[in-house]
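Taking the form predicted alone, here's one chain by itself in structure tokens.
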């Protein structure tokens, strides 16, 4: 008799447990119900926060959304010099010449950045025969091709930042000044490609030969 009562108690406990779990799962589900949910734990469904355009008794104007501080400008959209930042003038034309002063430091920086971001596709000389196209189906542009060499500096800058056709943009990876440095180094590569011995200073011509 005691065994029977113990068995019944266990079965009743199991049934109650199943019913409790069913109630909890129903209360926490995402199914539409006319009954208010039973919040056993809030998790992420209920948070102490204001939603956009909501009311708030905390602020004197009654609005939860606050106005931007007067005079603040977004760093993402602020461009003190649009032509420098985009490579395009206010007239909608590409910047003709690199605005950065041509120095050895600029060319060295441009070479370093070019070798990191550009050489994998265009190779270190700019011919477009880098390691990436050897494993892919597209052919990067040859920077010494007459059509591409005729680009003005602003167009190179714009392509570096925004990409063109199969080439992605590198605006997120390369800061503005480094883009102009790369443009300067591309011009140095192009100049070297068409150079001859008369372009080499006389005092070091013997070393070249």
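The structure displayed is predicted, hence computed values, not measured ones. Positions refer to the first chain, counted from 1.
Although it is not shown, the form predicted together with heme C (HEC) is what the next lines describe.
Residue contact with heme C (HEC) in the model of the complex: residue 109 places no heavy atom within 4.5 Å of it.
Heme C (HEC) in the model of the complex comes within 4.5 Å of no heavy atom belonging to residue 49.
Under a 4.5 angstroms non-hydrogen atom cutoff, heme C (HEC) in the model of the complex lacks residue 154 among its neighbouring residues. At a distance threshold of 4.5 angstroms between non-hydrogen atoms, residue 121 is in contact with heme C (HEC) in the model of the complex. Residues within 4.5 angstroms of heme C (HEC) in the model of the complex, judged by any non-hydrogen atom, belong to 121-129 and to none of the other stretches in 70-78, 84-92, 121-129, 100-108. Shown without its partner, the chain has 138, 139, 140, 141 in segment 126-141 as residues with a non-hydrogen atom within 4.5 angstroms of heme C (HEC) in the model of the complex.
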